[in-house]
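Okay, here we've got a single chain as structure tokens, the form predicted on its own, with questions on binding and movement later.
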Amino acid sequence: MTVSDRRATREAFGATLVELANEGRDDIVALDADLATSTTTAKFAAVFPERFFDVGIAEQNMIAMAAGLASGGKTPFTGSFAVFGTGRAYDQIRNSVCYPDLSVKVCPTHAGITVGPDGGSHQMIEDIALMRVLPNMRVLVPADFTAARAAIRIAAETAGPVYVRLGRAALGPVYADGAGFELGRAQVLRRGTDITLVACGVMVERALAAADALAGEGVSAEVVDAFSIKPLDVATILESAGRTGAVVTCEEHSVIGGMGSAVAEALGEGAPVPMERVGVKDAFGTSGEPEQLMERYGLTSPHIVAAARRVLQRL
């Protein structure tokens, strides 16, 4: 893999909106909160300026405007940084979008600690928890550029609110072009018999690397990409956990309320097995380079391997 093979999931946002509009989706519009270059909605604005609205630094107004556009038959996509696009605008997402079940697509970028030097104030590690608790909201977390393109398309095709979590960090390719994705379906990337690694977003390629390392220790790890966190593919996760008997979840998010919590809820009700959650341990982020922060907060492949060893010792 070369450096040029690595692409941030945010790069798929504006480009995919342009593709959809060129395919005849006249209903699609985009809104941004003074961050169009960073979120890449500027690509859509350059081709369809009459369908793009930069609201300035006013995320609450952006969501309210999107709700109005949706009530008039449009399919609005909103862009901002995740900390602002979900945290600052939470009340509007709850009451103006989810409560009336409007087709607003909340697709902020710069989620997680891989935002890097921007620091803890801009590193959103609570967004999955905030979005998945809302009635009517769906939550998608793509693992690479290809999955991000698919997530934007699924959002466009799905009636009602959808949250797509996008990032700033360049990621290696996990999927080939043309890979199939569905709302509510996880992707089993590697079959295994001894332990299940359930990952999402930037942690998927790290989970695959951890599976390679575990194979060197004689441990067969199954890797599941929880691309759709809400609705969660409970059937796939329970089937995998039932066969392997142990689970480690891996996410660039707080361990409280995120994907790991969703998996724990499913396992608790359907197939209780020993599990550990790899994620940010109830802390804010800090300034640093992305890989330094991933190491500091225990989000690397060796940390996943260590968690797997601990779980297996409990069998």
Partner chain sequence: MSHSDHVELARMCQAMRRDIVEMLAASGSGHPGGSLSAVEIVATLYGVVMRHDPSDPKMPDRDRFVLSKGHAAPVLYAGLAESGYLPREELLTLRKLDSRLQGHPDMRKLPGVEVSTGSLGQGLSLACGMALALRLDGDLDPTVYCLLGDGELQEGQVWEAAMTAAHYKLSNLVAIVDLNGLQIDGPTCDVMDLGDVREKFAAFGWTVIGCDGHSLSELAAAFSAADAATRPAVIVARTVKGRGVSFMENLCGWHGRAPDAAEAAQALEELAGEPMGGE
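Positions refer to the first chain, counted from 1. Since the model is a prediction, treat every value here as computed from it, not as a measurement.
Beyond what is shown, the protein has a form predicted together with its partner chain; the following relates to that form.
Chemist: Residue 50 versus its partner chain, in the predicted complex: is there a non-hydrogen atom within 4.5 Å?
Modeler: Residue 50: contacts its partner chain in the predicted complex.
Chemist: Tell me, yes or no, whether residue 61 is in contact with its partner chain in the predicted complex, where a contact means a heavy atom of each within 4.5 Å.
Modeler: Residue 61: contacts its partner chain in the predicted complex.
Chemist: Does the 4.5 Å heavy atom contact test between residue 100 and its partner chain in the predicted complex come out positive?
Modeler: Heavy-atom contact with its partner chain at 4.5 Å: present for residue 100.
Chemist: Would residue 268 count as a contact of its partner chain in the predicted complex, using a 4.5 angstroms cut-off between non-hydrogen atoms?
Modeler: No, residue 268 is distant from the partner.
Chemist: To verify the annotation, which of these, 33, 67, 263, 280, has a non-hydrogen atom within 4.5 Å of its partner chain in the predicted complex?
Modeler: Comparing distances to its partner chain in the predicted complex, the residue within 4.5 Å is 67.
Chemist: Work out which of 216, 135, 178, 72 lies within 4.5 Å of its partner chain in the predicted complex, going by heavy atoms.
Modeler: It is 72.
Chemist: Have a look at 194-202, 116-124, 208-216, 89-97 and name the one stretch with heavy atoms inside 4.5 Å of its partner chain in the predicted complex.
Modeler: Contact-bearing stretch, as computed: 89-97.
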